[in-house]
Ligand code: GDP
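In the block that follows, a single chain appears as structure tokens, in the form predicted on its own.
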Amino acid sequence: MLVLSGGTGTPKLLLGLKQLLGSSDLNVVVNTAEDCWISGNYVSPDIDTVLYTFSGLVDKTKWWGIEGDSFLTHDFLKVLGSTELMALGDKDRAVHIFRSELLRNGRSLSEATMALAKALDVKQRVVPMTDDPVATIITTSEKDMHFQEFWVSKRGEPDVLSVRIEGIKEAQPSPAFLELLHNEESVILGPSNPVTSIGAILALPGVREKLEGMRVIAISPLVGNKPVSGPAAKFMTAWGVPVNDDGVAALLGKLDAFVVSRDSSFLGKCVRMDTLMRTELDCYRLARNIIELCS
């Protein structure tokens, strides 16, 4: 099974799929357009959340970072007068250091991700969408800023005028992503931001064309007409689509099955399910229903 993932909603689904599928049956391609360098180290938030989910380390109250992590380094940096873009836990920072050393020594992001997965005993295949540099840039009423500055430093408060993925036209899908697109017959678009998570993956050159020959199943990240979390509403408005499942469908394009919440206003062809994942049991139930839909 091939799943395209961002860093919040989809990892919850992956937690359920992990319980139901053999590790060799689950392949995940992850958004990298929100990656950035912090304090000299390369941070890949969505990849890390997926790795932490599969390794059992993820903080399930926040769905980012490592459960029970300390923040001694981050806090002492503040004492020294250095302000970081986001709070990095100490164990989490060790992961970034591990990755960054590999990148500085000429390894690709795919190779670094594979090495991290092995070190964390992750058996599922987790690959970045691209090895090339891309960045989500938000044009706000204040200025242009990186996604992480908008969402973390500014707490998503500025008005959003436009959203773009810098470097996406020049970037290429990672070799492993291309291999999966060639070998898999179906793909699941996870319940992550349709503009900057799933949308970024779909924007890579050639990806939508590859999906034309596959069965595409998408799960809306909205419950009713509201995002469960994240800035999807502002981003969808900036892209000129309504903040509802009609807007999600318009952004995702050709779909063979579209899973929406039971109270969705969507009137087109769809499959209605309980898509809100508050507990691990919810994650398991939705994953089971998605597997049944795929079969």
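Residue numbers here begin at 1 and follow the sequence given. Quick caveat: nothing in here was measured; it's all calculated off a predicted structure.
Keep in mind that the form predicted together with the ligand is missing from the display, and what follows is about it.
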Practice item. Using a 4.5 Å heavy atom cut-off, state whether residue 168 contacts the ligand in the predicted complex. Key: no
Exercise for review: Please run the contact check for residue 130 against the ligand in the predicted complex: heavy atoms, 4.5 angstroms, yes or no?
Suggested key: no
Point to revise | Exercise: residue 113 in contact with the ligand in the predicted complex, heavy atom 4.5 Å | key: no
Practice item. Consider residue 227 of the chain shown here, and say whether it contacts the ligand in the predicted complex, taking contact as heavy atoms within 4.5 Å. Key: yes
Check your understanding: Looking at 28, 51, 232, 33, which is the one with a non-hydrogen atom within 4.5 Å of the ligand in the predicted complex?
Key -> 232
Review point. Which of 101-109, 213-221, 168-176, 200-208 has heavy atoms within 4.5 Å of the ligand in the predicted complex?
Key: 213-221
Exercise for review: For the heavy atom contacts within 4.5 Å of the ligand in the predicted complex, list the residues of 169-196 involved, in sequence order.
Suggested key: 191, 192, 193
